[in-house]
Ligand SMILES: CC(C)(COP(=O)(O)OP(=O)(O)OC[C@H]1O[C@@H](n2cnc3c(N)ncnc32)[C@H](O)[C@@H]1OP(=O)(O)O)[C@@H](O)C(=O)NCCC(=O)NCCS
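Below, in structure tokens: the form predicted alone, a single chain.
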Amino acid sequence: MLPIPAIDFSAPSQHAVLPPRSRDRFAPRLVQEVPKGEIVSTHDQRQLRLRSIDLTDVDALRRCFVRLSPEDIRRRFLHAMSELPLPMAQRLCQIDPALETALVLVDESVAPAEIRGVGRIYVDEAADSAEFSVLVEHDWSRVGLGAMLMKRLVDDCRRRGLAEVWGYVLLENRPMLELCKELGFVRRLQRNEPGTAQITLKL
């Protein structure tokens, strides 16, 4: 009868694969979620998250509209509106990335989080241009948010290779006109729409 060779259990074989310990096998996996967008600061050091708009923003967008003054609404939409209808809010939050960019400034210091500013462009492929619009909540104005949104939108238009970006602005909206002038926009009065100017930036 052949002798049975001794086996050394003190050291594992070079080819042996040891199973993980039970505490590792059954421990819950920790998934670290990367927040969308980026944190930006106002001139007075308040923090907001700048990111792309999405369908989860519908309710926050409608709440933002409620906080706007009639003057703010008229400056943004160029006419009076008493509320932002749900279908319109859903449309504004569901964009076509090929033809639109929409950025929101979200205040996460409150619950639920609130939208304090919105900037967007609509691309006209036939004209090789994009129309812009920017809206900042009154209590968050004059702290650099409008300029921040405008610069991001202009950068996006350049990334798309467009020839120009333009928008309609009421002549009474002096802060927006001054901002666009600083960014190099040229103003043209609208003869058929008194009190309104078209401002254009060649890219």
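As the structure is a prediction and not an experimental result, all values here were calculated from the model. From 1 onward, residues are counted along the sequence shown.
What comes next is about the form predicted in complex with this ligand, which is not displayed.
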remark   = Only one of 154 to 162, 45 to 53, 140 to 148, 58 to 66 sits within 4.5 Å of this ligand in the predicted complex by heavy atom distance, namely 140 to 148
request  = May I ask you to check whether P70 falls inside a 4.5 Å heavy atom distance of this ligand in the predicted complex?
outcome  = no
request  = Answer for P175 alone: is it within 4.5 Å of this ligand in the predicted complex, judged on heavy atom distances?
outcome  = yes
ask   = Though only this chain appears here, would E182 touch this ligand in the predicted complex if you measure heavy atom gaps against 4.5 Å?
value = yes
task = Check whether S129 has any heavy atom within 4.5 Å of a heavy atom of this ligand in the predicted complex, and answer yes or no.
result = no
